[in-house]
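This document starts with two versions of one protein chain, written out as structure tokens and named structure 1 and structure 2.
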Structure 1
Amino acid sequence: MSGYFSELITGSKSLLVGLGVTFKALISPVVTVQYPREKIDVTSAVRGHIDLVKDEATGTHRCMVCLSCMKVCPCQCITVQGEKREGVKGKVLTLFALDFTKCSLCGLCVESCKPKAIDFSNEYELAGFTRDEFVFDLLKRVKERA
């Protein structure tokens, strides 16, 4: 009979401790973000897909079609094409495509770019239903931001 009362006291004590933890959590401030409705500020350390950097002086990109990003990419997910036009010094960028389904976000392309024409974007909400939605035309994106 004495074991019965000791178990009753021990059980009551653990019940009160558990209720104390629950009450403390009930009155403490909320730290959870309701994600789809509330957006969080991303840090500068976030690595999204690469993006062409817009040159503020000219209003276009900085890429000089040296192809170093395409050559150094181990995943071969970058396609860069340029053409020589009359009256223009150097090549003119005609295509800069990124297949993000192949990209490993290693950052070698960003490091190898001498004119600092590409950098990581802050986009972290990438979702889609087909692979075609993850092939980005980065030249078109720069022109849309103009």
Structure 2
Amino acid sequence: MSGYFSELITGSKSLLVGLGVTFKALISPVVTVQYPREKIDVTSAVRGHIDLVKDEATGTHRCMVCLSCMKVCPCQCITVQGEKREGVKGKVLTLFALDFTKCSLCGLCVESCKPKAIDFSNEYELAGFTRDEFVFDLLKRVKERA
């Protein structure tokens, strides 16, 4: 019987100590961010989906259609097409499509790219209603990025 009462006392004490912890949290500064209305800046290291880099000097992308990203991708989510054109050395990029539904953001394509033509974007707010919304035409995106 004495065990019952001593447990009652130590138990109540432990609950009060626990309540003390939560009370401290109640009066401490708020850490919650009301997400859609306020946002925390993401670091530039965030690996979003890949994007073609815009070369400042030439004003266009640096892809030379070597297809190394397409070959190294474990998910086969990159499609690159190029064609030979008169008077232009090497191939000209005609299509750079990323199927982001398959991408697992491993970054092997970015590492394999010799001219450093692709990089991660910082976009993390991606939501859509159809799969097609996540097939990105990166060539179009880099042209639009003026």
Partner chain sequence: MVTKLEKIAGPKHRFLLNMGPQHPSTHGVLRIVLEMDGEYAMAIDPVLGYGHRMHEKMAEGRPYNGFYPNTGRMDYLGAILFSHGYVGLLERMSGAEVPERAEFIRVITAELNRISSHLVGIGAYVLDLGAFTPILYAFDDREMILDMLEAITGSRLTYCYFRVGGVTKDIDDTFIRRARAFIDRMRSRLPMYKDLVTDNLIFLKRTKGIGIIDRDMAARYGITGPVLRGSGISYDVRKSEPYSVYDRFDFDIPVGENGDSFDRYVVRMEEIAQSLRIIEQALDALPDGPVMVKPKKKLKLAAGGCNYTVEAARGSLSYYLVGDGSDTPYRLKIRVPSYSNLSPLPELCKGMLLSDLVTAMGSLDLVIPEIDR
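Reference numbering: structure 1, starting with residue 1. Computed from a predicted model, the values in this text were never measured in an experiment. For the two forms, the rigid core is made up of the largest set of C-alpha atoms that agree within 1.5 Å on superposition.
The chain as displayed in structure 1 is taken from the form predicted alone. After superposing the rigid core, the C-alpha of residue 23 moves by 2 Å or more between the two structures. Treated as two rigid parts, the chain shows its smaller part rotated by 26° relative to the larger one between the two structures, based on C-alpha superpositions.
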